[in-house]
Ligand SMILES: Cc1cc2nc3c(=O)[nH]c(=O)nc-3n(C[C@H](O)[C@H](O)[C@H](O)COP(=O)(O)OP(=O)(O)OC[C@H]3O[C@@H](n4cnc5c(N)ncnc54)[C@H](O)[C@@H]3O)c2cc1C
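Just the one chain here, laid out as structure tokens, in the form predicted on its own.
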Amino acid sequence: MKIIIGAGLSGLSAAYHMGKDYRVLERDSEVGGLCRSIITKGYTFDLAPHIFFTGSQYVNGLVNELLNGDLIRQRRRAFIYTRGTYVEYPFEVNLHGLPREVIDECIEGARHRRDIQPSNFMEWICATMGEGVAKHYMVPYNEKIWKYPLEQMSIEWIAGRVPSPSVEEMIKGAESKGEREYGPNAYFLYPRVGGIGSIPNAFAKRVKETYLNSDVSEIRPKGKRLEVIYTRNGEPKRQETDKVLSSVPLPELVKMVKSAPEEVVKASEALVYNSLACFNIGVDRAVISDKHWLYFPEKQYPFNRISFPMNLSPETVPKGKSSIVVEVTYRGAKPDAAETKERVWAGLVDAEILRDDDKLEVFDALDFKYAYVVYDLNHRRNVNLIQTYLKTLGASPIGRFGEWEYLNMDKSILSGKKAAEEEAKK
């Protein structure tokens, strides 16, 4: 029997594609991990914003099958809020409406981009976008979300995530608004009912051996096998296996292997990540925005991004209401929730998203220790060292935090599928 730790998308996908001879151990009382939804006073919120998009025909077909096609397809309405105006995403090809001097600086910067082979994220921004776009958007926004020196971030995660426009495209976008479509999520899908959590819930209906409230504390090598020690509903349990698939965050997985060598432990402690404070807001007013999500590069706003679940699906809010999810990234000490709430409220009013007299029916704070993998310059070396060691034991990391990669939902599903297929070959 194979043990799968974690019933997020990658763990459920691994079990689904394995079909038999597995047991899923999930610490929480529900499946889904961070790809989960909650209902509060009639409002449906995802645990941090999610949308579904993919270039994989297989994953697209699978998710549509799981949800019986009950998905809403939409064209992305994402904007950057800066200088008191909305600039359509991506910023660099939608400069129309910004002050003339900002537009000129961005275009001139693009014309005179650094002719270098970038070795870090800061160099990549300047070499790809130019100094103007770097100054007015890319640098302040990325400093805000990553909370990490951009000169100390690698560029291996960027491919397919950040559009790289030509100067001609930038000029066209400065002259007028248009229907330009950039990036892999220009169109996306979202479940009509149940929030994004309906996807893992649909997986779970086809995954029978899922043990909820099962918290793994140790993975102990026993010859050529592994012993997984855990509690289920508070009761101590042990299970021997020849294989563990784990979507547990890599630093936590290494802690479970008490016999891990010092160099592996040090590599796991050096992994960099961001945490996230999320605020779910239910507003007693209809249509407070027609947008899907907004980016906020300016320091005066505590949040880096806000999104509007009611525009992903009208089924996520009671009739005549609106909803907001606010994201505030941080590293290290958890910020004071009450103080951050006050700053969030003030920022939303200042940005004219909310009014002073708005009635908030929901204003809940959630916190996620592991939210974003940060690609520091030692990322690849440390991750390879850890994963090589774990695989020699028979423990294979899967998913965003197991692989310690910036995986979207589709790549997490494929990560579980790949792991299952590799086991089937043995």
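All figures in this text were calculated on a predicted structure; none of them were measured in a lab. Don't overthink the numbering: it's just position in the shown sequence, from 1.
Omitted here: the form predicted in complex with this ligand. The next part is about that form.
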property	result
Candidate stretches 353-361, 32-40, 62-70, 388-396, one within 4.5 Å of this ligand in the predicted complex by heavy atom	32-40
The single option of Met122, Ala260, Leu276, Ile155 touching this ligand in the predicted complex, heavy atom within 4.5 Å	Leu276
Answer option from Val216, Ala110, Leu226, Ala202, heavy atom within 4.5 Å of this ligand in the predicted complex	Val216
Contact of Arg305 with this ligand in the predicted complex (heavy atom, 4.5 Å)	yes
Contact test in the predicted complex: Val248 vs this ligand, heavy atoms, 4.5 Å	yes
Any non-hydrogen atom of Ala48 within 4.5 angstroms of this ligand in the predicted complex	yes
Interface membership of Met18, this ligand in the predicted complex, 4.5 Å heavy atom rule	no
Whether Ile5, Met256 and Met409 all lie within 4.5 angstroms of this ligand in the predicted complex by heavy atom	yes
Residues of 53-91 having any heavy atom within 4.5 Å of this ligand in the predicted complex, listed in sequence order	Phe53
